[in-house]
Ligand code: 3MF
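The chain below stands alone and is given as structure tokens, in the form predicted on its own.
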């Protein structure tokens, strides 16, 4: 069953190039000037943090927040774009230094829950029912500083609040093993799916899998996707690439390991990903040294690589593939894949 593929990225993927060790290297582009670029680059959807849609939302009254979100919806409609999801940004406010849902201070935990509820309201105004939770600071630098059992229960309880706030939303958890926290409580896809079982509506809690996050956990992204697909929990993907086990690089998809990228495309296509409305998200960043006039190529290239690998995957002889598997000739199967990646006829 072939998949159906539509692409999204977030406004943060057109960025100024600052990193923890240096300042910006490219000029900022206003949000309204980014929107026309989506269609030009072949993308149909937009990923949002809550404050991508409504900047400075903590300084606005609830009615002002919703009015601003509805204005963004009008802009999306004018450009023929769709909001894929909204994610509450729970890692930059001073009240989230020690975590959001797992902070030791009850007032900070309440702030995180209140902001997440507001993100649900923003999602409704933008026309999406998918909420992504990147649990960025739901962990600790010192294991003794928090009780991991209590922390997991607090995350589940926060998710319950959101599920009850809107009975139609679905929540996709974006797992990551580290960064910014040293130890995170939901580091992998398996942890996220297990967490769903602790909530009041497990059928409405799934995952978004980011390639780099799986790699940082020492796992293969396509295997993580296969696990989520088997559990019927893969509600989005964030494709990119990664140079080893270090910080989250968000390299262009396929830029480091084409075979690893091929297997991600193959598993999605083989199991009909996208046929129920799921999107292919690209969470990629331009190389810091890229000049401003060429700082969109990472988006163009990532989508192009996905589509080329899709064509390559579908072009490999499935009959020959099945024969080699049946004969347990994995060396020849290995060469079949390598030949395809090197341009030989499969």
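Positions refer to the first chain, counted from 1. Just so we're clear, the structure is a prediction, and the values are computed from it rather than from any experiment.
What comes next is about the form predicted together with ligand 3MF, which does not appear here.
Stretch-level contact check against ligand 3MF in the predicted bound form with heavy atoms at 4.5 Å: of 79 to 87, 272 to 280, 258 to 266, 101 to 109, the positive one is 79 to 87.
Residue in contact with ligand 3MF in the predicted bound form (any heavy atom within 4.5 Å), chosen from 138, 241, 224, 174: 174. For the options 132, 215, 126, 193, the residue carrying a heavy atom within 4.5 angstroms of ligand 3MF in the predicted bound form is 132.
Within 4.5 Å of some heavy atom of ligand 3MF in the predicted bound form lies at least one heavy atom of residue 12.
Taking the partner from the other structure, ligand 3MF in the predicted bound form has a heavy atom within 4.5 Å of a heavy atom of residue 49. With a 4.5 Å cutoff on heavy atoms, residue 248 counts as touching ligand 3MF in the predicted bound form.
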